[in-house]
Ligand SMILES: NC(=O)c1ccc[n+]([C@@H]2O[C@H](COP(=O)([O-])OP(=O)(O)OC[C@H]3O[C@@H](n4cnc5c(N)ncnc54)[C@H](O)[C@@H]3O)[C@@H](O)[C@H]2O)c1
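Shown next as structure tokens: one chain only, the form predicted alone.
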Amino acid sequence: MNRYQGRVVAITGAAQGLGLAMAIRFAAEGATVALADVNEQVLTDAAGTVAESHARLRTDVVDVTDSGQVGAWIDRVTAELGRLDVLVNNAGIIRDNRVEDITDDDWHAVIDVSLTGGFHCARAAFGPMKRQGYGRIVSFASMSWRGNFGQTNYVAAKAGIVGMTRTLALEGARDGITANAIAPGLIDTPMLASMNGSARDKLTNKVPMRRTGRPEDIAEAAAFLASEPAGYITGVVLDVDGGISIGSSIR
């Protein structure tokens, strides 16, 4: 498919994991992709991987917690690539701990990257999207947004993403802009790999499908929500989690 021929897709946290999988998917469908990340070396490696599909792309080292850097990045993308059709707010980090052990730094680091960073990007993207009368914003929540032990900071950030997404959907509707969120479950990413093995296995056993997801599963969901045919879908949270959000079963 070439659903994204002539479209420009900007992705944060694009150097690895879900961000890289989405960059590869959008590029394979004809998009020009703008990759942003804080890690220059990993970003360079990612660009080499995406370039294998002969995609048109650009890379920028961007700290999403810095609104000035974000604004300058979006300005460069629109000036050099001519437009901005899709923004994927993917950048995020974890600093898990029980609430009484979460430091101020750990709280602010997670909120600043996952929530404030997403706000910076959405605010910067709204202008060019409104001017062209078209836009898709896909932001990343998590299955944890409903609440999860030991993740007060992360849950607060991801629940904030859900609220922000619903408001962006309302504010963008009349200008052809949709805003949706994806809530991944247990996906094979570097973040999941960093978990203790036994804890990871315990979580996997709670998934009705009895397996973790692949980054490509998330890329598929993002490519759908950001597509032109999905234009009547806005303000939703799409669970991509193998059924874990449904709840437990007596079987």
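Numbers follow the displayed sequence, beginning with 1. Predicted model, so just to flag it, every value in this text is computed and none were measured.
The same protein also has a form predicted together with this ligand, omitted here; what follows describes it.
S.K.: Exactly one stretch in 221 to 229, 203 to 211, 51 to 59, 35 to 43 has heavy atoms within 4.5 Å of this ligand in the predicted bound form; which is it?
M.R.: So the stretch in question is 35 to 43.
S.K.: For Gly68, is any heavy atom within 4.5 Å of this ligand in the predicted bound form, or not?
M.R.: Gly68 lies outside the contact set for this ligand.
S.K.: Do Ala91 and this ligand come within 4.5 Å of each other in the predicted bound form, heavy atoms counted?
M.R.: Because a heavy atom of Ala91 falls inside 4.5 Å of this ligand in the predicted bound form, the answer is yes.
S.K.: Evaluate Glu29 for contact with this ligand in the predicted bound form, applying a 4.5 angstroms cut-off between non-hydrogen atoms, and reply yes or no.
M.R.: Residue-level check for Glu29: no, no contact with this ligand.
S.K.: Taking heavy atoms only, is Gln16 within 4.5 angstroms of this ligand in the predicted bound form?
M.R.: Looking in the predicted bound form, residue contacts with this ligand include Gln16, since a heavy atom lies within 4.5 Å.
S.K.: Give me the residue from Val113, Ile102, Val155, Leu81 that has a heavy atom within 4.5 Å of this ligand in the predicted bound form.
M.R.: By the 4.5 Å heavy-atom cutoff, the listed residue in contact is Val113.
S.K.: Counting only non-hydrogen atoms and a 4.5 Å threshold, tell me whether Asp75, Leu168 and Thr234 all contact this ligand in the predicted bound form.
M.R.: No residue of the spot touches this ligand in the predicted bound form.
S.K.: Along 138 to 152, which positions have a non-hydrogen atom within 4.5 Å of this ligand in the predicted bound form?
M.R.: In sequence order, Phe140, Ala141, Ser142 come within 4.5 Å of the partner.
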